[in-house]
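In C-alpha cells, one chain follows: the form predicted on its own.
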Amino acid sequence: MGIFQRFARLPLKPTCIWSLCPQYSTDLTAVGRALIVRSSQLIQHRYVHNRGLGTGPGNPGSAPPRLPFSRVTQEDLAFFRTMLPGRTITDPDLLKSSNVDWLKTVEGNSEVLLRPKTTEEVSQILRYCNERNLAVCPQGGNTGLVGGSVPVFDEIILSTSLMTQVLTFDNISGILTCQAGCVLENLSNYLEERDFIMPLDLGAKGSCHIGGNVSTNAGGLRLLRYGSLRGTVLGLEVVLADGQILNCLATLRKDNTGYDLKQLFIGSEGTLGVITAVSILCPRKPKAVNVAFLGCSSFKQLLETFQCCRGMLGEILSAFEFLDASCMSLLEKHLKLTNPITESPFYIVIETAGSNATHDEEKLHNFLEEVMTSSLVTDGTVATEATKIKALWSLRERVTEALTHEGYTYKYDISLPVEKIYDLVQDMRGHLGDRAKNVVGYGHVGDGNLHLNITSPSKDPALLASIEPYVYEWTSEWKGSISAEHGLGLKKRNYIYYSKPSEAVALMGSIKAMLDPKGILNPYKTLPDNIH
C-alpha cells in the first residue's frame, strides 16, 4: 500500500490526483438436408413475437417461418412426465421467463420446459424428440444477447438448471470437471476456497451457466490473461441430436489423437449437440490483485497507454478494459454510481494479478508514473482491497445494465483491429446523427472487442435500417468479425457472410446436416436461412 501513498505525493501534473478508491427468400432451407422445404409446404406461416427485431423476411434478423416440426401432444407430455416427474413444466406462468431473452427483445411460445438432472436423461429426451421430430431449444442461464437461448416458436426448452454438480477437481493440475448447469459464480466461489480461479469472468457470472459459456465461446474480462475457452476447455461431454452420448471429457493438457472434436461444439450455440459436462483448466488464485481506474483525453492516448501497459506490466496484466464518457453518464444517471476521478472522454480499467504484492505494486507504480509524466493519463485511482476493487469493476461490468434503462438498445459485439475500435463508434455517430438517442462504446481493448450500443426511446425500424447493414459493412471492410463473443443466435445468423466466406458457411451446413439431420437442435439459430 505504501507505494501508492508515495505515488500520490509525486510532483506530477497538479490536476491529477491518485488515490485509493473511496468506494469502490421464398425458398427456405433448414440446416439439415432432411428439412429442405418450400414455403408452400410450411405448416404455418407465423412469426415469433419478436419484440423489436421486426417480423417477416424483410429483416434478416427477424424469425423465419416455422419449419415443419411436430407439435407436442398429450402423449409426448405423458412420456416426459413419466421420465421427469415434477420436472416437466407446462404452467404458462412458470414458462414465461424461459420464453423471453434477458434483453426482453425476443419471445417464443414454448409450452414445455424440461429440467433433466443427468446426461442420461438428456439422452433420453433428445432420442425421443429426434424420433418424434420435435424441435428443442437448449437453455442455460438465459443471459445471451442475440436470441440464441430462447425458443423462436414452440420448441421444447431443455434447461440445464438442475445439472449443477461438480464432478471432480484435481488440486494439483487445477482441472475442474462439472455438469453444464453450474453457475459461473458458484464455480468461482468453489475454486477460490481451494486457492484457484475460473479462467473466465463475465458480468453475468451470477446467472450464466458454464455449459452456455462454452456453447457460445464466451470471452469476458480475463481473456487477455488466460486466453479463450478454446484453449482452457480440455474436454466435453455432449449429447447429439439422436441421443448418442459423446464422451470426450478428457482431463489431459496434451492429447493429439485424431480430430479435436470438442472444438466443433465450443461456440456452436447448441445447434450441434447439447453440452452436459465440461472439464476446464483453472489457474491458481493470484495472491495480489490491483485495479487502476484511469482517465484519458483521447482514444489515441488510450491506445498508447495500452502499449505502455503491456510492456511495463507484462506477466501480471490480467485485464485492460475501456468505456467512453457516454457510458459513464449512463452509469451515473441510471445506477447512481459515482465517477471516482475527474471527468474524461475515456476511462480505462486495468487489473494486475500476481504472486508477490510488493513486486506487483512496484511494477504498477512505475507504469502509472510513466503514463502520468508523459500525459497519456489525466487522472486515476487505484484499489487493492476486495470491496474497492469490486466498486471499480462495477463501472465497467454494469454498463449493460445501465443501458437497459435508456430505452430500446441495439447491441453490436464487434471484433476489430485494436486501432480501429473507436472509429466505428465515431463513424456511427456521424452516420446516424440525431436519429439515435445515444451511441456508446465500451469493451475489451486487450482482445480488440468493441461493444457498440445504440439507443432510442423505443423500437425504431427506421433507425435499425440505418444501422444495419451499415455496421456489418463497416466491420467487414476492416476485416473484423460481426460477433466477437456473443454468438450469432437468431438476430445475427443471416449476417454471417460478412465474416465468413460462403465456402466456410456451406461446410458448416454440412456438419450440421451430418450431426443433426432433422435439424431439431436450436433451429433458426447461428446458420443463415438460405444455407443449402
Partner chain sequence: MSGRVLVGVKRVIDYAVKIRVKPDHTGVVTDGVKHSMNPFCEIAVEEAVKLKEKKLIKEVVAVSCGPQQVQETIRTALAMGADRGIHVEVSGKDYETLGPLQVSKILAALAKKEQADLIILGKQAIDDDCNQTGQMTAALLDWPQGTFASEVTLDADKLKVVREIDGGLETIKIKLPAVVTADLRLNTPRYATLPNIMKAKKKKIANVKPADLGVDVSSRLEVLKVDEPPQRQAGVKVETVDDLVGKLKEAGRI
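Residue numbers count along the first chain shown, from 1. Everything numeric in this text was worked out from a predicted model, so none of it was measured.
Beyond what is shown, the protein has a form predicted in complex with the partner chain; the following relates to that form.
- Look at 415-423, 217-225, 118-126, 381-389: in the model of the complex, residues with non-hydrogen atoms within 4.5 angstroms of the partner chain sit in 381-389.
- Contact annotation for the candidate site: 193, 294 and 369 all lie close to the partner chain in the model of the complex (heavy atom within 4.5 Å).
- Using a 4.5 Å cutoff between non-hydrogen atoms, residue 267 does not count as a contact of the partner chain in the model of the complex.
- Within 4.5 Å of some heavy atom of the partner chain in the model of the complex lies at least one heavy atom of residue 340.
- At least one heavy atom of residue 365 is located within 4.5 Å of the partner chain in the model of the complex.
- In the model of the complex, no residue of 83-98 lies within 4.5 Å of the partner chain by any heavy atom.
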